[in-house]
Ligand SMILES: Nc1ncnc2c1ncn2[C@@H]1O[C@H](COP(=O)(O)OP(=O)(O)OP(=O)(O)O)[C@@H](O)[C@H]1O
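Below you will find one chain, with nothing else, as structure tokens; this is the form predicted on its own, and questions on how it binds or moves follow later.
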Amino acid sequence: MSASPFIQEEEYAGGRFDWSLWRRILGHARSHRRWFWTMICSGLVLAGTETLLPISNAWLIDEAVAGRTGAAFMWYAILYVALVTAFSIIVWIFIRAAGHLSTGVAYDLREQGFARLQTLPFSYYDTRPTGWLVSRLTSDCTKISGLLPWFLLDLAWGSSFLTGIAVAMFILDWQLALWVLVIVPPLALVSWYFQRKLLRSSRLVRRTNSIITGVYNEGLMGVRTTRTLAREDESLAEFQEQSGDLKRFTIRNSLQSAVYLPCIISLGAVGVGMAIWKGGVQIQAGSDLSLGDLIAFMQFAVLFSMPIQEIAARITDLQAAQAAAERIQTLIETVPEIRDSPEVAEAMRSAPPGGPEDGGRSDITTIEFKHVDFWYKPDEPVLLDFNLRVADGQTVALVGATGGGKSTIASLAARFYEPRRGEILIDGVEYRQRSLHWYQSQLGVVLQTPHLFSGTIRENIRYGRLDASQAEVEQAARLVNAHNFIESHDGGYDAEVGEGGSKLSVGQRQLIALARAVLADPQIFIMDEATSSVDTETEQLIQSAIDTVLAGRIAFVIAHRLSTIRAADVILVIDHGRIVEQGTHRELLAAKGRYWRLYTRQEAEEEEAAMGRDGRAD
């Protein structure tokens, strides 16, 4: 399967160089202005130093040719040595400044990008694979931070050096200077042409590289599935298709760059050659130029192409990096669809410390859905005129066919998504009028496949409350029946769980996720098929833990195994976004409707499976 359907093509629209984008990127250097100005100033001083070096050479040569080796000659020699020394020192200064600026900008870009990812709603991740996002915080940030200092340096140094050379050449001989400067219009035309070509090809390279990162990530995550289905050759063929595109676009970009720079160098060399030829003719015709002035002019003519080459190279790099700049800046500037309104943000700023809007605790007694409509795509509604009221201490179980809207209801209750129409009230107040951070800090969510972070069992349980003591961690583990299996592991609570919890069974990961949620002491619990992927014995442990955890809290339980929700206060049978049946376990069985049919079918299947296990055991 290709990751290309996830790519947001609109982020790569446009064909011209975007100065406004680069001004916003440059804004990331503001917090490092000390190194920014150090680098700019050193570039300007370096340009002045390099401009003076040929002039000091000219003075030395003219003094030597005239046979004057006295005090004036010594002062010119001292000046030359001082300029060379200053040149070395300035180079060391701007390299150090560029290193600090590059590292600082990279740090800021990654920090701001990661911070933005923490605030974006789940809908943002629904259309973007992990590898696509990872490439923004890795290769894109590296490309921008590595380019920005050197572009700024070459811009300051190159432009001022060109100006200094032009002024010096006009002072020496304005006619010769014009022979060199005549190449400027062709340089501008060539740069404009290749700028458009390089911008397009570099965008294709970055886009395809992100696709490959996504495919590679999915391939690693799904390697077991690939092996068990014997799809190694097909997966390799799909990867080769994407890598072939990357190869083709990269070669195109490299060829364009390879042609662009030689064109600039050739034009510069033509100007230099013509200038040297014309200067030689003038010397033969008895020009007033001294030998020192002629040699200085020749040095200027040679040096004139250097800043042009450097600026051209940086412009080429800038074209290649614009796609990366678009991607990382777009991420940083993305406005979360689900966020606090300006009124709520203002209330948070003025809230007294410890109050609910300041992140403190405030008891939640009811959650109410009122005429809620929701859809992911406008022409495919998921919920229609959904109404539900849940009071403190109630457990609501959601059952029904896959795609009926169960997980959507839980996600709306958690404010991972927001209603398209209608309201969700928390104690009578629309929950968009409350702080998002405050509300979601009251949630405990345990998914069908819980995620554990690399580290120890203790660190994973404490993840929801970093200030928890060891005694509180163990108490949470005991409460969910996880303490015994943790103690049986080598290292106990300090045992490593592996990447994603790979060293633990699904049931053990589920119990640790429950302990993590319990330790955070949430007021609202959401359980999404927490027992559907475990064996019967582990299911009993988890179910016993769930019964303990949910006591006295508002709870939404999405259940696949109906036997696990018999104690729920109310069971909702959801079909196509509507409640088709509602009641307790006994009431729904007595009604002999859809729930009764689902329950009896599951019982029969479980009995048949148990008989099959007993038969194999015999």
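Just so you know, these numbers come straight off a predicted model, no measurement behind them. Position 1 is the first residue in the sequence shown; the rest follow in order.
Quick note: we don't show the form predicted together with the ligand, though the next part is all about it.
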Review point. Using heavy atoms and a 4.5 Å limit, would one call Lys247 a contact residue for the ligand in the model of the complex?
Key: no
Practice item. May I ask you to state whether His560 is within 4.5 Å of the ligand in the model of the complex, using heavy atom distances? Key: yes
Review point. Using 4.5 Å between non-hydrogen atoms, is Gly403 touching the ligand in the model of the complex?
Key: yes
Check your understanding: Contact between Val382 and the ligand in the model of the complex at 4.5 Å, heavy atoms?
Key -> yes
Check your understanding: Taking the partner as it appears in the model of the complex, which of 501 to 509, 98 to 106, 111 to 119, 407 to 415 has residues with heavy atoms within 4.5 Å of the ligand?
Key -> 407 to 415
**Study point:** Listed residue that, although the ligand is not shown, lies within 4.5 Å of it in the model of the complex (heavy atoms), from Asp233, Asp126, Glu337, Asp363
**Key:** Asp126
Exercise for review: Consider the chain as shown here, without its partner, and state which of Lys377, Arg349, His371, His451 has a heavy atom within 4.5 Å of the ligand in the model of the complex.
Suggested key: Lys377
